[in-house]
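Consider the single chain below, provided in structure tokens and representing the form predicted on its own.
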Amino acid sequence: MLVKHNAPGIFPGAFRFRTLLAAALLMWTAGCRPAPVPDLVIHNTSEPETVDPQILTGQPDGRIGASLFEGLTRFNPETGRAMPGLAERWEISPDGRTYTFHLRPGLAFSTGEPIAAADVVWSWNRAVDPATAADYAGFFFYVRNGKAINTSAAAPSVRPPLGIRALDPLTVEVELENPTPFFPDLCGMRIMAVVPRFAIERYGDQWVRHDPVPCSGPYQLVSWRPNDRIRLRKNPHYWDVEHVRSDTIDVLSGDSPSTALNLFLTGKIDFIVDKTVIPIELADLLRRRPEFHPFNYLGNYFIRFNCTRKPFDDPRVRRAFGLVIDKRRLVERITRMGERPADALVPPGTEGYVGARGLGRNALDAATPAAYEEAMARNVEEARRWLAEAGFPGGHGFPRFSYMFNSGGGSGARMHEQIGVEMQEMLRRHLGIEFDLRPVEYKTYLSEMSRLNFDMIRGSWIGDYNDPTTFLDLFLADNGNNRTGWKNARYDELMAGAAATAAPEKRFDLLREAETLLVRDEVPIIPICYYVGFFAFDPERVGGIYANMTDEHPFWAIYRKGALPR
């Protein structure tokens, strides 16, 4: 294991395999010495698995990845929408299928090597290559030949070329399969960031473990102390370095709500970015304090079925489950952050789109508690009919199964367990079905979900851009984030039709029909609720943080107002 050090005690990168954790921790602690006080401290919940922007999948990983690597566009901290990044401007052809991006002159990695159009082309080709095994490679399916390349078993030499080319050192041309109005937002996604070819060709998949890590974004990686903190320092070669508000940032990891809250209230943390480390039991009290800020955004909580395992390969079983889960009860008694019960996948507020009506919508539309109870009773009767038709009248003969969720000390983990306990009672009482809870460590949870090694599992999704496809694309048969084993030719056909349709109303009609198939007819998932964001910062002390629908809060815009003792 080759690792370079600039100074004793600095562990200079990320790792992809848990087997390296012990060795990495030893290298950190050997000769460790106190680090200078940072300008800003942010709590980022879970320990990241990697900072490779084309491999990472989790939201905590993505926040770090977006700070270290940038693409043609980046996200506006106020609106969460695309704004110029490495590209200073772009033009779109009249048919909406060709984008011409103009890079800023003088771009460079944090280590001083220049960034040119060829680096964008190479980075995108690496990301879409099936050998990279990027879960987010589906974003490249909008680019000409992206899907054909990523799903091909053929040798690279016989695959069609990806629809991107360098016209000159400062100009990139991208050809799309269909008009894609949100394509600039896609170009700001982590997987489309520019990565250093020279480092990857030298070190392979371990390139982010070699110091210094060449970064294309506003920050560079200084150190990583596993299960504690990552230190970032302003990238002196970044094109917009003068507007990067904090010189050094410590990004903390940890899943203890009491620890995070105490550190925040005593001024040791400036920004808690994720509500999973804010104690749920204190939600009603904290929401009345000026330092805690709820907001609506594009996120949801749902249950995934493994549709490759019996009896969950039968949509009648999945419908029965979906109809008896009391979602109002779950949000009122457990989540308690003001979430809205969900019957569909795409959250309200998605730009221009009115979503489908899913299972149980009659109950969610009820205006009074009595009407809600009556509607739920009708849903239970319908669920029992579906279950009997599937061969399990009254739950007789239904095999015992498990419900998986990630465990840990955070409020989110406790919430997952409480939801599981409530669902146990609902399915037992209404359908006569028993199941076991299976809590697992977060990295195991991600691994088992990717491998389809579960019966039923908790799921969630945060929209990457403000369009319904950021949710609906997940359940295409070949999407790496599907993680249900569900495949439906009609769904894929409707999604393809929407992608090829330029007229917004017709496009939304096709997307709504696909969503109806997903949440009413086939039900590989059960929507539970639409998220409400809830972050913590004192507006008298910290600036540059804004509520937006995509929950994007780029670190380069955040700063502490004045020097405070730590």
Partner chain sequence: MLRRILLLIPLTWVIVTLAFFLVRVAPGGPFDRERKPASPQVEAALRQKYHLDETPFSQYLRFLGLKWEARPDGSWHRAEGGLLVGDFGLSLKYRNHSVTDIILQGLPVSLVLGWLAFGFAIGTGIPIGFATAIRKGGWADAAGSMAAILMVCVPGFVIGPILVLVAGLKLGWFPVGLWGSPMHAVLPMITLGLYFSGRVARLMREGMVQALQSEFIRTARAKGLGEFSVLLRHAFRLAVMPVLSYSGPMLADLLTGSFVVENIFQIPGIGVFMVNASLSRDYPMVVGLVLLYAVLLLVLNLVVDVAYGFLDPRVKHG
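Whichever C-alpha set is largest while still superposing within 1.5 Å between the two forms counts as the rigid core. Keep in mind that what you see is a predicted model, and the values were worked out from it rather than measured. Positions refer to the first chain, counted from 1.
There is another form of this protein, the form predicted in complex with the partner chain, and it is not shown here; the text below is about that form.
The stretch in contact with the partner chain in the model of the complex, judged by heavy atoms within 4.5 Å, is 480-488, chosen from 165-173, 480-488, 391-399, 93-101. Relative to the partner chain in the model of the complex, residues A137, S256 and T259 are all within 4.5 Å by at least one heavy atom.
Listed residues R144, R229, R233, H237 were compared with the partner chain in the model of the complex; R229 is the one with a heavy atom within 4.5 Å. Distance criterion of 4.5 Å from any heavy atom to the partner chain in the model of the complex singles out E47 from the list D538, E522, D39, E47. Remark: T368 does not count among the residues lining the partner chain in the model of the complex, judged by a heavy atom distance of 4.5 Å or less.
Within 4.5 Å of any heavy atom of the partner chain in the model of the complex lies no heavy atom of L68. Mapping the unseen interface onto this chain, R225 counts among the residues with a heavy atom inside 4.5 Å of the partner chain in the model of the complex.
Contact between A153 and the partner chain in the model of the complex is found at the 4.5 Å heavy atom cutoff. Along 452-475, these residues reach a heavy atom to within 4.5 Å of the partner chain in the model of the complex: R458, S460, W461, I462, D464. Here G480 counts as shifted, since its C-alpha moves by at least 2 Å between the shown form and the other one after the core is aligned. Superposition of the core reveals a Cα shift of 2 Å or more for R438 between the shown form and the other one.
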